[in-house]
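Quick heads-up: it's one chain on its own, the form predicted on its own, in structure tokens.
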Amino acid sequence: MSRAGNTRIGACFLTVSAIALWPGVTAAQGFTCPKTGGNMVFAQEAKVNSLDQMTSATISTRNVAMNMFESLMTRDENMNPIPELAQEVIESPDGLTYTFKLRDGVKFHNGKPMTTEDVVASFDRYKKVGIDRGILDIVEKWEATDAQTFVIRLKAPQPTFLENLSSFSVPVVIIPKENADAAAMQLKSVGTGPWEFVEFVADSHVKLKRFDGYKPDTRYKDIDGFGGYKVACLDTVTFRIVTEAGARVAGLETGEFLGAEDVPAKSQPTLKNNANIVLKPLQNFWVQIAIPNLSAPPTDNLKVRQAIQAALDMEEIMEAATDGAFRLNIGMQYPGQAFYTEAGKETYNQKNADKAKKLLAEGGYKGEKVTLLTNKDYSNMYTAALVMSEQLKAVGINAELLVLDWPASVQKQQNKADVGWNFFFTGYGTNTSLGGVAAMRFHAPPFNTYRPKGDIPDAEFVTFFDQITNGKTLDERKAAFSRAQQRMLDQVLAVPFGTLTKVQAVRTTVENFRPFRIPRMSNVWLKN
């Protein structure tokens, strides 16, 4: 195999930090814990359906599992691809071959040294059961050429390949070879990260402890996104599942919880004045969204979907869902991101009851039930569904809520044999933050989250998505993204309401907790 003189990552839409990817980087003086010990109890807002990072796309899984598992590549603080378990990444001049040299001395939580045999087995499992396995369709083969060298050969050059591989939405985490035959959602929680699994009690908590065999990445000085120099300063971390917002706030105030996810806006003024608590806001945390089911009547009818779209008052929905902590946002990217576009803005926030009633008549709507599948674990999803149902009733639609817990609602939405719902309520945060390809991925094969009839996806959308993925230039990929968003909104393959601001909080005894896409527990310590 011929190798480029330098690593060529410039094909990605992102600006990649050279110091992270160049081979031969000098070791940095890494982070040292000012103090070790203690148990961090963190109140998490939603139930966890599994800790199998390859087969669960829920943020509640990612909150915990990303502290235990690692990948060849991940993203830094600014969402640029960086190596994690890879020491260096070398792209061939023709863009067809990627060679990954592994970091020395990495061990799994069971004490076994990581080799490329484990990497091969991890990719093999992901290709079989990984939710985002479509990212590997471009791959001709992968192989281990020696114990520390893993090679991926593509069928054709793909400018966004490392962008896809470094996604942490449902990452290709590296697991021991002996665990790679696990069925979907049944993977043992054995990874290479700074935290190892202790116990998981459904609907109650997940407990992790410091992995004493962890070897930090000496190319960095500190944690950087999901990569960097990571150290477990705490003895243990307990993720407590507390779905009621008031209980999270009360526990934070009493000190039962040292940190909490999603502090409601109405509680923030009081907490801000509490000298023992620090608020940690993160703007544009996710796009609040509802996904239609095109396999179930009456939402299999485009006119009915367009009528629903026309009836919605996004300001009213987002105001209620977030207590005012929101921004109206047309599509699947945030303003300021490279792929942001206002394509399809004419379909957004129409608040047009007359148009909705006209479209219902044109579509032959006869009062069929429209079932809104939601949950109370995420109160903003539940409230969005509640307000949407009232807006639909106001134009003559027979809307009703189906309220399950978060894992059960996800399972129902993903079960292609289950047509007992018309809209599924969720939030797109991780994928939206990762850029153009990731933002649209859930609507492309193999996901097809809008559940097209016969599982045959919208052909125009698929064409545009392929162009986002494979376009040779950034301008080509951005133009394709705009066309894909227009098609998505014209055909009502998704109903984005707007973006919300997530506010986490910690007690003042917690040092160095920095808000990110998930709660990162590395490089965090307790003063007392």
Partner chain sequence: MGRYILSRLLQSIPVLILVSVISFGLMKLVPGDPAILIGGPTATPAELDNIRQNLGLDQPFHVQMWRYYAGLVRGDLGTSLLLGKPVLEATLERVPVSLSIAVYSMVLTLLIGLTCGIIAALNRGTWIDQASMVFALIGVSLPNFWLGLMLIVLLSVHLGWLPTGGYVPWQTDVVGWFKTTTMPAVSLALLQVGLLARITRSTMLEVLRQDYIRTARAKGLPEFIVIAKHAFRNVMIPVVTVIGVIFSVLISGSVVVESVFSVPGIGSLLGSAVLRRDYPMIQGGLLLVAASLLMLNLIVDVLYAYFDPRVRYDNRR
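We call the rigid core whatever largest set of C-alpha positions still superposes within 1.5 Å between the two forms. Every value quoted in this text rests on a predicted model; they were computed, and no experiment measured them. Positions refer to the first chain, counted from 1.
Note that the form predicted together with its partner chain isn't included here; everything after this is about it.
**Q** Residues in which of 225 to 233, 295 to 303, 100 to 108, 195 to 203 have heavy atoms within 4.5 Å of its partner chain in the predicted bound form?
**A** Contact-bearing stretch, as computed: 195 to 203.
**Q** I need to confirm a contact call. Of Leu402, Val120, Ala338, Ala250, which residue comes within 4.5 Å of its partner chain in the predicted bound form, counting heavy atoms only?
**A** None of the other options qualify; the answer is Ala250.
**Q** Please identify the residue among Lys502, Arg483, Arg477, Lys47 with any heavy atom within 4.5 Å of its partner chain in the predicted bound form.
**A** Of the candidates Lys502, Arg483, Arg477, Lys47, Lys47 is the one lying within 4.5 Å of its partner chain in the predicted bound form.
**Q** Quick check on Arg133: any heavy atom within 4.5 Å of its partner chain in the predicted bound form?
**A** The answer is yes: Arg133 has a heavy atom within 4.5 Å of its partner chain.
**Q** Taking the shortest heavy atom distance, is Phe168 within 4.5 Å of its partner chain in the predicted bound form?
**A** No, Phe168 sits far enough from its partner chain in the predicted bound form that none of its heavy atoms falls within 4.5 Å.
**Q** Check Gln186 for me: does it contact its partner chain in the predicted bound form (non-hydrogen atoms, 4.5 angstroms)?
**A** It does: once its partner chain is placed as it appears in the predicted bound form, Gln186 has a heavy atom within 4.5 Å of it.
**Q** Decide whether Thr55 counts as a contact residue for its partner chain in the predicted bound form under a heavy atom distance cut-off of 4.5 Å.
**A** Yes, Thr55 sits close enough to its partner chain in the predicted bound form that at least one of its heavy atoms falls within 4.5 Å.
**Q** Within 4.5 Å of its partner chain in the predicted bound form, which residues of 408 to 434 have a heavy atom? Give them in sequence order, or say none.
**A** The stretch touches the partner through Ala408, Val410, Gln411, Gln414, Thr426, Tyr428, Asn431.
**Q** Core-aligned, does Phe42 move its Cα 2 Å or more between the shown form and the other one?
**A** The answer is no, as the C-alpha of Phe42 shifts between the shown form and the other one by less than 2 Å after core alignment.
**Q** Has the Cα of Thr218 moved 2 Å or more between the shown form and the other one, judged after a core fit?
**A** It does not, since the Thr218 C-alpha is displaced less than 2 Å between the shown form and the other one after the core fit.
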